[in-house]
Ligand code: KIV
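Read the single chain below, which is given as structure tokens and is the form predicted alone.
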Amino acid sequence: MDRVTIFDTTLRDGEQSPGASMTAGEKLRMAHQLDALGVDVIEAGFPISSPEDFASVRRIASEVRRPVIAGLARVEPGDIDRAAEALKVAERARLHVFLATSDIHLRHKLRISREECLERVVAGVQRARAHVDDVEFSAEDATRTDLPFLCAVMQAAIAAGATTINIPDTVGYTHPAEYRRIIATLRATVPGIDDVVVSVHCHDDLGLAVANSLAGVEAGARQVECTINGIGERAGNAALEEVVMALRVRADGYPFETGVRTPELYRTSQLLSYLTGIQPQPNKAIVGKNAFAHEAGIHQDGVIKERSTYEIMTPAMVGVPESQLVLGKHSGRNALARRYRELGYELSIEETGRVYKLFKMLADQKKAIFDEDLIAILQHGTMEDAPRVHRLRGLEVRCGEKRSRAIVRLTVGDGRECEANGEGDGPLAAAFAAVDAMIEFRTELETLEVHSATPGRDAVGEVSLRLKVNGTTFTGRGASTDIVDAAVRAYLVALDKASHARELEAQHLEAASYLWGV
């Protein structure tokens, strides 16, 4: 089986995505994760662009040893020499040189002739080859370049010593049939092309980056340049996770292998999101929040019976913890009954029918249904009217040291006052630990979101969280000009709901026992 090389440019082209810049330390951390993912080539940066980028490329080259480490350079002597210096310590180094070749770029940006373009390509590749044996040449805006001239450029680059030639769809202009024809024409007419690797690099301006990349592979390309989560200039690059999983899931049409460890895909996506603050859209393929979530009743019923009915890959294949059956207005009885079983309730057919009617009524009013709502429906209670059991009376937080510390004072139940200390990695963790020391529940924080409810430096912050209490999820919300105070209040609201749910359950069992005795 032929192998497709995965060239990751998250740290170079991906970082050019607005708002996606990373520090040198963050780039190194990401590079180590890309190594764990198993990519073949990491394009670490553009060394001539800044002293910081030079230092970052150099540090990655010195510490990440398995993959090829590439540095980008224009076909300018200064660029090439600077990149070579940064890569000097690499175990396996690649110089990636580029020059625009379309008439649009030659006339309006570079203001040079085609003849001068060819001369620069040859000189640049030769200079790069004098530094390293592994040289890649990219023809910027290749898909809008006159095809006979593109063939001439690639012939010159190969003759000058390029070992990989890249055909970038720089502005996301091409479509699969056209791109396939371009690659096929190059492979059929350029002397020496069978002795080098043909690479594809596609942008997503028309939403075709992954489709175009796969078309290039069909036509004979054996390297795909891509980024995690598809980040990059403008609309982004071909998403690595989509390319890799397309090759794996549809091996019948793409009989190629990669070295990517697919169970690391989700972890890698999550790390990039954390470092850049850019989350993939919920419906993003492979790594989006909804990629393995099902709400429609027909889909949920199918997945419950046989996962392959609506999932073409398992969550475990890409490292996602588990499929989710999201309860909402489109959900069916089977999904509802399944979630009740997971919560410990085995409902009869009659009970399922009763709660399903109430569930559908509530689902028309709420976007998402939580465990707390299911318990309230089952017990004929209402979580919105949960009585206050835990009241915040005092909060002191000390942070800025290695471990944050908090003192929390509560009034519990009928007026009993209590106080506890807590420690954690940050003020919120410390405050929550102090609260946990005063309650009998077992808690696990699932999500926490902070929103500014008002503008200005003295803005009111609103905290929304989801807290798993003894295995059941409850929501809480709190607001304050002090975010820690707001978070603790939200935490206590979730605990109040858990207390109320336990009371409802006790009342329900007591009523059931009475009926059984009749």
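Because the structure is predicted, anything quoted here is derived from the model rather than measured. Note that residue numbering follows the sequence shown and begins at 1.
If you look for the form predicted together with 3-methyl-2-oxobutanoic acid, you will not find it shown, but the lines that follow are about it.
Heavy atoms within 4.5 Å of 3-methyl-2-oxobutanoic acid in the predicted complex map, among the stretches 200 to 208, 255 to 263, 127 to 135, 431 to 439, onto 200 to 208 alone.
The listed set Glu242, Glu140, Asp373, Asp79 contains one residue whose heavy atoms approach 3-methyl-2-oxobutanoic acid in the predicted complex to within 4.5 Å, identified as Glu140.
A heavy atom within 4.5 Å of 3-methyl-2-oxobutanoic acid in the predicted complex is found for exactly one of Thr174, Asn229, Thr268, Asn166: Asn166. Using a 4.5 angstroms limit between non-hydrogen atoms, Thr443 is distant from 3-methyl-2-oxobutanoic acid in the predicted complex. In the predicted complex, at least one heavy atom of His96 sits within 4.5 Å of a heavy atom of 3-methyl-2-oxobutanoic acid. Heavy atoms of Ser102 never reach within 4.5 Å of 3-methyl-2-oxobutanoic acid in the predicted complex, leaving it off the interface. Contact annotation: Leu72 falls within 4.5 Å of 3-methyl-2-oxobutanoic acid in the predicted complex, judged by heavy atom distances. Heavy atoms closer than or equal to 4.5 Å to 3-methyl-2-oxobutanoic acid in the predicted complex belong, across 1 to 26, to the residues Arg12, Asp13, ordered by sequence position.
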